[in-house]
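The chain below stands alone, shown as structure tokens; this is the form predicted alone.
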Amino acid sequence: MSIPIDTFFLDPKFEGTLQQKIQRMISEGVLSARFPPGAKLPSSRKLAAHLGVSRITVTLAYSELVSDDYLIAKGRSGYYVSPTAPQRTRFDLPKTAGRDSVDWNRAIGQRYSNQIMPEKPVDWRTYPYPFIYGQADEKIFDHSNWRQCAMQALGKREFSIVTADSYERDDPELVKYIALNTLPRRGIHARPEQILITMGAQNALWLSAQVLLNQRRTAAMENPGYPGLRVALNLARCNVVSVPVDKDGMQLDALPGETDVVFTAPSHHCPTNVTMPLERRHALLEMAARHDFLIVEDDYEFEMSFLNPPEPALKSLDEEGRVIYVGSFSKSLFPGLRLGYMVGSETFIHEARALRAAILRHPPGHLQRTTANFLSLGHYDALVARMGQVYRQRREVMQTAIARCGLQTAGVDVSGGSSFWMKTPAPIDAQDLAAALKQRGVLIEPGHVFFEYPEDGSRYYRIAYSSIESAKIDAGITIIAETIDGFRHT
């Protein structure tokens, strides 16, 4: 039995090479039983002509399918579906499929979906002017070297390391690089026992909150501040105190005396981008010693200090072990990587490691080793330097456009970053502005999600230059100004 040539067509929605599309098309046909064992496939020449691809592409796809036992080659006869090809177990759907008689309002014991978080459009790349924060720019990223590092991690030499269940342990090469290279740049010395790899900074903040806080303890965070931290603190069921932010960061005189843990982002405050000066950092550490509280330092975007050298990390100034340091590769590599790290006393890290092990064991070994390879071979430093150059140029273009259009900035930038913190003229609501701009192909981020009380942030919004080309920035800023002007005249 031969499979008709008209059966074969490439899925335009599948993102991959032509060879991968052909392999997927045939493997799906075999797995779904549309291509039964023993069925003959078209010759590579005929299939190539039918699909409009080169013959070598089809031949390579056939060869890969043979190696995976989807196909077998019979001399000059051609390619056939293997009699031992993988098959999916098929079950008849029950007659009650799709019915749900559970009263979930009663069944759910705790709710987590009522937290206010920023909305990230999945299709943001399709918009002409995506001033969206925290997404990777594929034109800057080092695809080739990252691919080589991933292939190296999956090679025979490292295969047993990246595929093993390491229980609560982390990749020693990644921990070693962080200890000997990353942390010393921030003036921090740490032993491997004091370092824990996390699933990004969000996971590190959650672990810190769970280990350090309970219903009888008080945590202080910046207002406005990172909404993911507020969620983590709410889940810890502690008393949360919101502390105002000025041009130098967290206002220390607003810290309550009963504080147990202070969470702060001194390098690049989220979302205003202000940097805490050295004097206030020392003052915060002195207060921590005097009032006996701990500090969780989110060293957010310190790599993006391309305007001025970064201030010393709080952890580097800490002489009593009161600071827990949180770092991440999400902004400097790509957010989907979900790899970060935390540094603290060995006792704290021991507890955080045990909690992490109970939830997810450890971050994926392949990602840890790929990242370790990328770091150790110098690709990471080259990428950060390239990002700094590109961001500096984009920032200058955006700053010029903002000034030309008369838009109001609300944040104070002293070292760099990847965004501007903005404010609308009264009484324009930033959510209404965002909705109107979306209709014109412009994406901005309303700022209400960063405040303890969302109504306090109704006129704030953030525009980032990390995911938009320099050539498009001026036109996008012009549309923002035109839309704001339109609100004024309605």
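In this text, the rigid core denotes the largest set of C-alpha atoms whose superposition between the two forms falls within 1.5 Å. The shown structure was predicted, so the numbers you read here are calculated from the model rather than taken from an experiment. Residue numbers here begin at 1 and follow the sequence given.
One more form of this protein should be noted, the form predicted in complex with another copy of the chain, which is absent from this view; the next part is about it.
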{"property": "Distance check, residue 226 to another copy of the chain in the predicted bound form, heavy atom within 4.5 Å", "result": "yes"}
{"property": "Exercise: residue 164 in contact with another copy of the chain in the predicted bound form, heavy atom 4.5 Å", "result": "yes"}
{"property": "Distance check, residue 452 to another copy of the chain in the predicted bound form, heavy atom within 4.5 Å", "result": "no"}
{"property": "Distance check, residue 39 to another copy of the chain in the predicted bound form, heavy atom within 4.5 Å", "result": "no"}
{"property": "Segment that reaches another copy of the chain in the predicted bound form - one of 395 to 403, 152 to 160, 268 to 276, 240 to 248, heavy atoms within 4.5 Å", "result": "152 to 160"}
{"property": "Residues 86, 214 and 377 all lining another copy of the chain in the predicted bound form, heavy atom within 4.5 Å", "result": "yes"}
{"property": "Option touching another copy of the chain, based on a heavy atom within 4.5 Å in the predicted bound form, out of 234, 332, 135, 409", "result": "135"}
{"property": "One residue of 387, 188, 197, 255 in contact with another copy of the chain, assessed in the predicted bound form (non-hydrogen atom, 4.5 angstroms)", "result": "188"}
{"property": "Sequence-ordered list of residues in 323 to 339 near another copy of the chain in the predicted bound form, where near means a heavy atom within 4.5 Å", "result": "324, 334, 335, 336, 337, 338"}
{"property": "Residue 67 C-alpha shift between the shown form and the other one of 2 Å or more, rigid core reference", "result": "yes"}
{"property": "Displaced residue check between the shown form and the other one: residue 24, CA, 2 Å or over, core reference", "result": "yes"}
